[in-house]
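In the form predicted alone, a lone chain appears below as structure tokens.
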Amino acid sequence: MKTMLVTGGAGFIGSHLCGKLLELGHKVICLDNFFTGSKKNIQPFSANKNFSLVEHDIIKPYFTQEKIDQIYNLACPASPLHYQFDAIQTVKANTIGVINILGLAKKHQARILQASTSEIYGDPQAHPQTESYWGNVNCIGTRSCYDEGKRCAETLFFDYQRQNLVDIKVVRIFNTYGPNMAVNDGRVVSNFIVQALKGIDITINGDGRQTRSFCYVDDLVEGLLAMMAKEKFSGPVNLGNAGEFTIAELAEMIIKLTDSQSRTIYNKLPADDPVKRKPDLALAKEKLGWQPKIELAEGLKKTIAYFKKII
């Protein structure tokens, strides 16, 4: 048994990770300020003696006498709706918060994993995106608080490795979906499913020809565990699904799977919204022996079933 600290542990991905770590027999400390996380996501673990919840914002230092073995840093709002709501707070989470968590890892000599993002590639001019691509990011746009925040977080991780010998892992997470997404999440999969189930118009930003790649959350969690367990490899490494779909194709698939009467309508494309997004997974396959298994249609069926229960 190891003691795992999961920041953002009550969030969408974090709650699935906490559940998996408990299933594997570890002790889990879930740290969350509940800005986007939900206590409903972690309620199933409340009776587990190996699970504990600490309501805390990583922008403030966190101290514990308990020896921590590994840290998964997932603490940051991940949808444009939420990270733009308080842009300065988002930047703080990715700078001050990351410094605090890296300091904790240094003190406890804990291995620490940073949940970075495909957004560090910005609106990419290389396709698919490899880890060697430095990105095309607007540093003063409305999405910059997240894009540049995550890029700075990666810088801090590698500087702490070089300067303080902290044992780091960095993963770049592409679009992920599944149960425990919030109804008001603001991300495309949850938006479309909620609209389809309610029978209202599905709103597509832009002309619908922009592409994304969608990874089911169970596959993503397996990738996080594989990266944390990997010796002598710090990353960064892409985690996602290489299946590429247009936003219009996603909408059509969800309408069909929900048997909805919803129509599709089109809005203006938000500033700096990427036109293409697809991970190159060669490094993940080589270093981690990992690749996603769940196809989009299968994962959407599971996600739709979840939203039917909560709407």
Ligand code: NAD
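As the structure is a computational prediction, the values presented were derived from the model and not from experiment. Start at 1 and count along the sequence shown; that's the residue number.
In what follows, reference is made to the form predicted in complex with the named molecule, a form of this protein that is not presented.
- Taking a 4.5 Å heavy atom cutoff to the named molecule in the predicted bound form, the contact residue among M227, V166, I173, V137 is I173.
- The candidate site formed by T3, L104 and R111 is entirely out of contact with the named molecule in the predicted bound form, as no residue has a non-hydrogen atom within 4.5 angstroms of it.
- Contact with the named molecule, judged by heavy atoms within 4.5 Å in the predicted bound form, is confined among 229-237, 126-134, 155-163, 111-119 to 111-119.
- The named molecule is not shown here, but in the predicted bound form it comes within 4.5 Å of a heavy atom of R187.
- Contact annotation for G11: at least one heavy atom lies within 4.5 Å of the named molecule in the predicted bound form.
- The shortest heavy atom separation between F51 and the named molecule in the predicted bound form exceeds 4.5 Å.
- The closest non-hydrogen atom of N33 lies within 4.5 Å of the named molecule in the predicted bound form.
- Contacts between stretch 65-96 and the named molecule, counted in the predicted bound form as any heavy atom lying within 4.5 Å, involve L74, A75, C76, P77, A78, Q89, A93, listed in sequence order.
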